[in-house]
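Below you will find one chain, with nothing else, as structure tokens; this is the form predicted on its own, and questions on how it binds or moves follow later.
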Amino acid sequence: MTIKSLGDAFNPDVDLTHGAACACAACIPAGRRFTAAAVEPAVPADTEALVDRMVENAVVRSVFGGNEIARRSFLKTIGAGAFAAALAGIIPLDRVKAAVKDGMGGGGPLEKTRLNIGFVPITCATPIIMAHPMGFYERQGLDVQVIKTAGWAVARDKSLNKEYDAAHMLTPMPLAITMGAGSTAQPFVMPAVENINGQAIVLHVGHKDKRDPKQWKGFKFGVPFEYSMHNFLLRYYVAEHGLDPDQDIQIRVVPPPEMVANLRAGNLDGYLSPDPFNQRAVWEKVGFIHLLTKEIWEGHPCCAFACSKAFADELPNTYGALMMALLEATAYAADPANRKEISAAIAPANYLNQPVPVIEQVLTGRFADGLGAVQDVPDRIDFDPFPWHSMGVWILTQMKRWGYVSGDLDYRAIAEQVYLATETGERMKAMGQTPPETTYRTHTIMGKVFDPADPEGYLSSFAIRRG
């Protein structure tokens, strides 16, 4: 078997690391990423040639473990032709290319290969972000542009307007959008959770003497969005300490990248926010970590991958390929041994735009807390894609508790319509992963057990509530 042509993967003078001279299929033309104005002239007219290059790049980068220096040095030593011939004797590249062209996501050709996926620059979005520089999308035959988004109102609106094919969302958002809470109603689905844990309550350094929440009356807190676990966990936490979150404190929506600046300026006394902005407050010596949200609810969901039901239904092969890429990326992120590598991959300006040490402290769980101690909490953030229906039911109880929705709710029907736990479980099995055997379980939040079989009983057990 021979390779008909040698692409950039076999060229020792071409850098495949997505840098300034990148010539891989995700970064054509050299030295710049796709932009709206550059997409058409940048991509070869022959789609098959594009797929060939993507496969070659992915295989060769895998052979060298992503070590670009080793690849280029090796090719210069033995020659591109000799290496290509040897590789062809081991890996049937023509068959691999044919398989990609037939569509790796749903048993047929991909209906659409160029996708726009929005993300808010936080570590919760790690799988969605890292899949771009680390080649997970490319390996599924997808040309994905990950688009940095200021906040979730923008992400929601761009998703509703179909400017985004899919997006990094907060786990309550697909439920809210489907129900028409806060926006026009449109059926959305959430096939995967991006992260569990990974948030914190941060207080201004001037409040180190106010560690008891009962001392927080009159405080101003930031959360990133109304329909967020951050909002619901903060409300739950202060209410369990006897404070009414609508009367005793102020809760303001603040985009995550603006949290630290508002804390420094005195506009906020604290916030419950995603990282890296909790750790960034410590890094800049303007805040300290009061507690990690895993102390409120161990294993709570936070962010997710979501899209319109129309996207999933009308482009099933593309949707399947995208799911495959994200499930693989999530599994890679779940391994603590990979966290430092991932930190470097997602740190650049077009992704998180944060110092690598800040991201490492979040992903590795070894961090300064701003109180003079260095903590070691390996599961400060973790990555588990399974979208438990019971988590969806809990979120719905909190939406009703605080007046975001009203009336009779069919909790199970809504959760099962939006959170695609059964489908995701089947995809995980196909990948050799072991999903849970059931989609419902009890959860314990601040010592109180939530039974998804009795959401109304759980809701009525709270003294402080709106609904």
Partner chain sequence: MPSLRIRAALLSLAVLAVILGVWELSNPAPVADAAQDEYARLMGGADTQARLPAPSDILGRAWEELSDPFYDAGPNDKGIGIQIGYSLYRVGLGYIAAAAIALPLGFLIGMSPLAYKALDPFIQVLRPISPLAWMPLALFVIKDSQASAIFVIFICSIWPMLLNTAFGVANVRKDWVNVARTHELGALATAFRVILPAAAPTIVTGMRISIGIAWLVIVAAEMLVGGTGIGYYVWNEWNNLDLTSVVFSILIIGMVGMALDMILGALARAVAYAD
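None of these values were measured; they are calculated from a predicted model. Residue numbers count along the first chain shown, from 1.
There is another form of this protein, the form predicted in complex with the partner chain, and it is not shown here; the text below is about that form.
Residues with any non-hydrogen atom within 4.5 angstroms of the partner chain in the predicted bound form fall in just one of 331 to 339, 223 to 231, 279 to 287, 385 to 393: 279 to 287. Comment: the partner chain is not present in this chain, but in the predicted bound form one of 90, 265, 82, 374 has a heavy atom within 4.5 Å of it, namely 374.
Checked against the partner chain in the predicted bound form, the residues 215, 73, 350, 250 give one hit for a heavy atom within 4.5 Å, which is 350. No residue in the set 126, 445 and 455 has a non-hydrogen atom no more than 4.5 Å from the partner chain in the predicted bound form. Although the partner is absent here, residue 316 is not a contact residue: none of its heavy atoms lies within 4.5 angstroms of the partner chain in the predicted bound form. Residue contact check for residue 245: none of its heavy atoms lie within 4.5 Å of the partner chain in the predicted bound form. The closest non-hydrogen atom of residue 163 lies within 4.5 Å of the partner chain in the predicted bound form.
Contact annotation: residue 367 falls within 4.5 Å of the partner chain in the predicted bound form, judged by heavy atom distances. Of all the residues from 144 to 174, those having a non-hydrogen atom no more than 4.5 Å from the partner chain in the predicted bound form are 145, 146, 147, 148, 149, 150, 154, 157, 158, 161, 163.
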